[in-house]
Every structure is written in C-alpha cells, then in structure tokens.
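Single chain ahead, by itself, as structure tokens, in the form predicted alone.
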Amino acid sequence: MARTVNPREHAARRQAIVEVAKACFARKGFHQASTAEICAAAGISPGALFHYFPSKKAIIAAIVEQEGAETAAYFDAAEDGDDLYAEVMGFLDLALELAADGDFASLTLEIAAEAARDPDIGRLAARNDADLRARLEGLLDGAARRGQIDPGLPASEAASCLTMLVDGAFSRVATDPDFRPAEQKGAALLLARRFLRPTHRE
C-alpha cells in the first residue's frame, strides 16, 4: 500500500529545508555550499533532501519563487491602504532594513549572480523584478491620483528611481565593507520624500 502524503507536513518540511539552505547559501554562496552541508544543517539524509528537491538548483528556484510570492503578498496588503504614499515609504523603509541584514543581503546578491549564470533562474528573477516594479508603479500611480504625491511625476520613472535606490544599497553592501545601510536609511528616506513631493506633508 502506497504511503499517504500529508500535504501540510510535506510543505512544512520542504519549507524547513529552504530556510536551512538560505542560511547556507548566504554564508558560502550557491556553488560553495554543498548538498551535504544542507543535509547536515537540516538533520536529514541526502535521500530525504532529494525527495523534496531533485537538485540544488531546484532549491534555488524555490527560494526565488518564495521571494516573489512574499513580495506579491506584501503589495496585496499595501494596495488596500488609504495612504498609498505611506505604503510606498513603508516599502522603502523595509527594503533598506533588509539591506542592513547581512545574511539577507548576501543571499540577494547570490541570487542576482546565479540569475546571470543560469537562464532558468534568470527568468524567475526577472519575473520577480518586473512584478515588483509593476506593483510599486501601481502604488505610485494610485498615490498620484489621490494627490498624495506630485501628480506630475510619471509613476514608471518614479518606480525605476526608487528601485535603483534600493538596488544601490544592496550593491554597496557587497562592495564596501564599511557601508552601513542602517546609518544611511534616514537620509535615503528623506531623499525619497523630497523626490516624491507629497502635497500635504514633508
């Protein structure tokens, strides 16, 4: 008789492996972190690992897909807000906070590097990036229509500029060991506020 799979238990174990793999990849990189290390950290056998993920690439793909789902869920909630300008600023605040998280920043840069090497991962990462920009552009467009930011500011260009600000923070983390995003966050948010020029507040 075939063993019955509990979907919730299966998903929980799969997610536990993803979380362990993320930590391994952040510390050592995708190609330096071995499946043996992931198995040891997760407390599972190689056979158990490959039951959930047929390859290390499949784990990487799962991480990228999860990030896309989390971004979508974030913007789903943000779009229900009354003050879309505040939601945009909240997004920037969170993104800069994540840039200050060394493991998260390292993992993000590893994903970007792998996306440049592997076309399949590249397509997933590009989809995530396009979705994020589109959702941010939607918030900005809604804020402009409500008079919460400068209505003459093109939403698409504003979204590109704000994502460049965030991408720049992550790049600086990778190239400058003395860069501290948390120390620069206040100035970065001030620049964003003045760029968006909300009509009813600083």
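From a predicted model like this one, the values you see are computed outputs, not experimental measurements. Just count from 1 along the sequence shown to find any residue number.
Just so it is clear, the following notes concern the form predicted in complex with a further copy of the same chain, a form of the same protein that is not shown.
The closest heavy atom approach of Gln66 to a further copy of the same chain in the model of the complex falls outside 4.5 Å. Although the partner is absent here, Asp167 sits close enough that one of its heavy atoms falls within 4.5 Å of a further copy of the same chain in the model of the complex. Within 4.5 Å of any heavy atom of a further copy of the same chain in the model of the complex lies no heavy atom of Leu107. In the model of the complex, a further copy of the same chain sits beyond 4.5 Å of every heavy atom of Ala26. The listed set Ser160, Ser34, Ser55, Ser45 contains one residue whose heavy atoms approach a further copy of the same chain in the model of the complex to within 4.5 Å, identified as Ser160. The stretch that touches a further copy of the same chain in the model of the complex, counting heavy atoms within 4.5 Å, is 170-178, out of 34-42, 170-178, 135-143, 58-66.
With respect to a further copy of the same chain in the model of the complex, the three residues His10, Val20 and Asp120 uniformly fall beyond 4.5 angstroms at the level of their nearest heavy atom. Contacts of stretch 41-73 with a further copy of the same chain in the model of the complex, defined by any heavy atom lying within 4.5 Å, are made by none of its residues.
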